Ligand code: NAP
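Let's start with one chain on its own, the form predicted on its own, as structure tokens.
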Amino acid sequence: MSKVMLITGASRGIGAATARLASRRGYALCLNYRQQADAANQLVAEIRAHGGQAIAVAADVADEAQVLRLFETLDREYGHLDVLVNNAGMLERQMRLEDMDGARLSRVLAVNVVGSFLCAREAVKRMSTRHGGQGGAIVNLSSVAARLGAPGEYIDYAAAKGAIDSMTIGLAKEVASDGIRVNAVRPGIIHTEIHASGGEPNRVERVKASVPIGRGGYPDEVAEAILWLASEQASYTSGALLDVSGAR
């Protein structure tokens, strides 16, 4: 029986790269997306064309009812879960705090923080040995913004990722005796579409001089770290925050 991995926000960027790599390594996949149905379904078709197993499930992870339906679909299609990759995230246009309104703050925290908590909760219920599960792994997507702060751009996003760091450390300790490992990957400047959401599609080129390695990273490079943390090769690693940031 194949191991099952659920990836939230899997239709593009790091999520899609993780899906492709996980499929090559034998995982059956549940690919969550919020709006980009065409991209998610194309990714499923690509994976199946190469002999892999994948389904796409629409859900806004900030909505508890939709998260419950996502996991009900997972249960129905696969019957178990081995790895959760909490990848769904978002940011809004670059601005200073004095220009942010409450609605923006609520949106950013709902997707990046509440969504990760809700999905982790449901994953724990299924993987925990105290609930009859076989153990498993959770890999959260944080960001080096959590320690750099993203001043003048999106300190709300940075704060949300700081919350993910704290959740990773606390949950790792909470479920260690339940056979579940919890870790986080903290990407740096990565070539993905998220920068366009912040209003600066070419942000990687502007800031790459601040990266000691001298370039932006690529989704595949982050995916490799995620798959390692999910694997048995990381069997004694839990509560770790792994920077994939070119030493930035």
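On a predicted model such as this, the values are computed, not experimentally measured, just so you know. From 1 onward, residues are counted along the sequence shown.
Although not depicted, the form predicted together with the named molecule is the subject of the following passage.
Visitor: Looking at V61, C30, L43, A223, which is the one with a non-hydrogen atom within 4.5 Å of the named molecule in the predicted complex?
Guide: That would be V61.
Visitor: Is F71 close enough to touch the named molecule in the predicted complex, meaning at least one heavy atom pair within 4.5 Å?
Guide: F71: no, not in contact with the named molecule in the predicted complex.
Visitor: Is I47 one of the residues lying within 4.5 Å of the named molecule in the predicted complex, judged by heavy atom distances?
Guide: Because no heavy atom of I47 falls inside 4.5 Å of the named molecule in the predicted complex, the answer is no.
Visitor: So, I14 and the named molecule: in the predicted complex, are they within 4.5 Å at any heavy atom pair?
Guide: Contact check for I14: yes, within 4.5 Å of the named molecule in the predicted complex.
Visitor: Is G136 a contact residue for the named molecule in the predicted complex, using a 4.5 Å heavy atom cut-off?
Guide: Heavy-atom contact with the named molecule at 4.5 Å: absent for G136.
Visitor: Decide yes or no: are V124, S166 and T237 jointly within 4.5 Å of the named molecule in the predicted complex, with each residue judged by its heavy atoms?
Guide: Zero of three within 4.5 Å in the predicted complex.
Visitor: Given a 4.5 Å cut-off on heavy atoms, tell me which of 180 to 188, 48 to 56, 22 to 30, 207 to 215 is the interface stretch with the named molecule in the predicted complex.
Guide: The contacting stretch here is 180 to 188.
Visitor: Going by the named molecule in the predicted complex, which residues of 115 to 142 come within 4.5 Å of it through any heavy atom?
Guide: The stretch touches the partner through L141, S142.
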